[in-house]
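One chain follows as structure tokens, the form predicted on its own.
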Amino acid sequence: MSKELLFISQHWNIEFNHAAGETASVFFRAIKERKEILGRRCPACKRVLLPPRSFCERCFVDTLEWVKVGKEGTIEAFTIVYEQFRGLPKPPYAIAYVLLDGASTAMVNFLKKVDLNNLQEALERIKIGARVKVVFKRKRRGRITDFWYELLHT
């Protein structure tokens, strides 16, 4: 009897709605209605958590205070994608973890308005420590994709 594993190809297309929860609802509503990005401050360690969380994963205490963070920040990590992934934009595109001014934790989003067709030229512009600004869509739906990052001083 063969012990070779069989692989079975399947396709699932499941659409569902789920509650965003109290914390995420406030966060996404602020983006949609006021073009604001809000974090939550931990009462114990004083970090401003972004995206906001209802509790601090370091101190294990509830976070209650909302903090409006800045619309500029610093790239802490990034990647440039040249291969297609299902459900994501057509490459090339860049994604960056950005520490927004006033926040203690970085938040990921797309980095736009950079020519990515030449990797070397892109890497001369996109760097750890580079400053970026938040740019909001004109029509927002209350989603993380309602804004993106753009390099400052380019």
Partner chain sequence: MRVAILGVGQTSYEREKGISLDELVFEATKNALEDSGLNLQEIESVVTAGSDGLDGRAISNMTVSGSCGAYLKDEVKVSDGGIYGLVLAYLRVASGLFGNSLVVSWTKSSEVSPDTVGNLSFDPLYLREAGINPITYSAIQVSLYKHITGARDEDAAKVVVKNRGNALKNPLSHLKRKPSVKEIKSSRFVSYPLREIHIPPESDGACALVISSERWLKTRKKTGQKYAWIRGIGWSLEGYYRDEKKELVKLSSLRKAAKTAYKMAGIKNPAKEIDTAEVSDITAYHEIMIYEALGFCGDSEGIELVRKGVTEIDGELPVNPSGGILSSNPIFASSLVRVAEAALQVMGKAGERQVKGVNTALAQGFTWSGTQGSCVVILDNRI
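Remember, it's a predicted structure, so these values are computed and weren't measured experimentally. Residue numbers count along the first chain shown, from 1.
What follows is about the form predicted together with the partner chain, which we do not show.
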Note: exactly one of Lys112, Arg125, Arg58, Arg34 sits with a heavy atom within 4.5 Å of the partner chain in the predicted bound form, namely Arg58
Under a 4.5 Å heavy atom criterion, is Arg143 part of the interface with the partner chain in the predicted bound form?
yes
Is there a heavy atom of Gly70 no more than 4.5 Å from a heavy atom of the partner chain in the predicted bound form? no
How about Ala30 - does it come within 4.5 Å of the partner chain in the predicted bound form, if we only consider non-hydrogen atoms? no
Discussion item. With a cut-off of 4.5 Å between heavy atoms, is Leu116 one of the residues that contacts the partner chain in the predicted bound form?
Written reply: no
Within 35-71, the residues having any heavy atom within 4.5 Å of the partner chain in the predicted bound form are Arg47, Leu50, Pro51, Pro52, Arg53, Glu57, Arg58
